[in-house]
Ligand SMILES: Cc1cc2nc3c(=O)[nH]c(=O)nc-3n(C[C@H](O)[C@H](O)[C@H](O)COP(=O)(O)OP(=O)(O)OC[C@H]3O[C@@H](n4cnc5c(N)ncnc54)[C@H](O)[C@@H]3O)c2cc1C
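Only one chain is included here, represented as structure tokens and corresponding to the form predicted on its own.
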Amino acid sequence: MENELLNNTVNTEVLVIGGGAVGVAVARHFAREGAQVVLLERESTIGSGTSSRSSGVIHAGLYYPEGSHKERLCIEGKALLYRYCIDNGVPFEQTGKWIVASTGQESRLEAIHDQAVKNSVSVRRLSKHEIHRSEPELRCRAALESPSTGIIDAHYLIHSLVRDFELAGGLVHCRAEAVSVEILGDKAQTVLRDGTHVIAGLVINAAGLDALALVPESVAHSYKNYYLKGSYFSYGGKIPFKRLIYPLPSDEGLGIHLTLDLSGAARFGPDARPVVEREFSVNRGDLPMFVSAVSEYWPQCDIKKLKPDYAGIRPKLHDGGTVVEDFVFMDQSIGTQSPVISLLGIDSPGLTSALAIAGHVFDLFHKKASFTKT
């Protein structure tokens, strides 16, 4: 099949567009169910797009409204992800996190507590004595503990999923940019930048920032792209905290928070700024804003130790001028088949939810058609 992909036309049962954590997880799921699957990635390596520019946090599912895709798939995905890491030797650490509130923010913190309880997610109010004893340099009026939050090596995870996919017979093809998807009866045709046409019984559009552009032209919708850029600053000194520290979320994100990687290195971010262009540099001029935000909960932060690190862009959607807060699974159905399923607005907690999203997408298609597992 690899040689076929260099010719003009390729046929496969399932084509997955996008080699980030979600696309790879979806491709793996279908391949392990017995489907013939081709996975396309426009970059030279798998997992080098949006997935490589996340904070690497395994989210608990505290914030999301009951019944939303984010609530269900984050909580389900978290459990699947921890189990996968244990079973496959993927590096992770269940660090836990604290969400902190300053004076006047207590009611907002309590609302997060109540939402977590509704979502059946473990959360605990911390006493002032506990806060001071465990994190003496932390300044806050009140705090919640989320014990099931963790961190993960996202690159290791993605490559582990790719290994599973290939062992199940799947084909990965990098430097393969899809430029259009068209519905042809009960199948779909995807045209690549090099002129190759891929005919598939199912196309799963998991192209992240490019996903909306690949929705077939024949499909009516009112969505528009809305990109949020988030920058991170690394911290070049010792951090006194034992866990992740989050301020209260804003309208456009979870606030400039402290995250740790598995080596113990610390970074702060991301901020959230609407952008039009995909540009990933970190502006050193943002340093005062970062210092101001971090100093709200860590007054001893040393400005000299903060350095620009990296930035990511989140794929968001507008619908009629309103920001779409949930994941969108656009199922383009023709009769009894679903030749194209587009995954739109897959921002945070996409990494946490990846394995659950894979099962959800499979179920969307499996209700109408099935593969014979070999």
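Just so we're clear, the structure is a prediction, and the values are computed from it rather than from any experiment. For every residue, the number given is its place in the sequence shown, counted from 1.
Not pictured, yet referred to below: the form predicted together with the named molecule.
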item	value
4.5 angstroms heavy atom contact with the named molecule in the model of the complex for residue 32	no
Contact flag, residue 268 vs the named molecule in the model of the complex, heavy atom cut 4.5 Å	no
4.5 angstroms heavy atom contact with the named molecule in the model of the complex for residue 338	no
4.5 angstroms heavy atom contact with the named molecule in the model of the complex for residue 42	yes
Joint contact, 19, 312 and 347 to the named molecule in the model of the complex, by non-hydrogen atom at 4.5 Å	yes
Options 121-129, 84-92, 102-110, 225-233; stretch whose heavy atom lies within 4.5 Å of the named molecule in the model of the complex	225-233
Answer option from 145, 164, 261, 177, heavy atom within 4.5 Å of the named molecule in the model of the complex	177
Partner contacts for 50-78, taking the named molecule in the model of the complex and a 4.5 Å heavy atom cut-off	50, 51, 53, 54, 55, 56, 57, 59
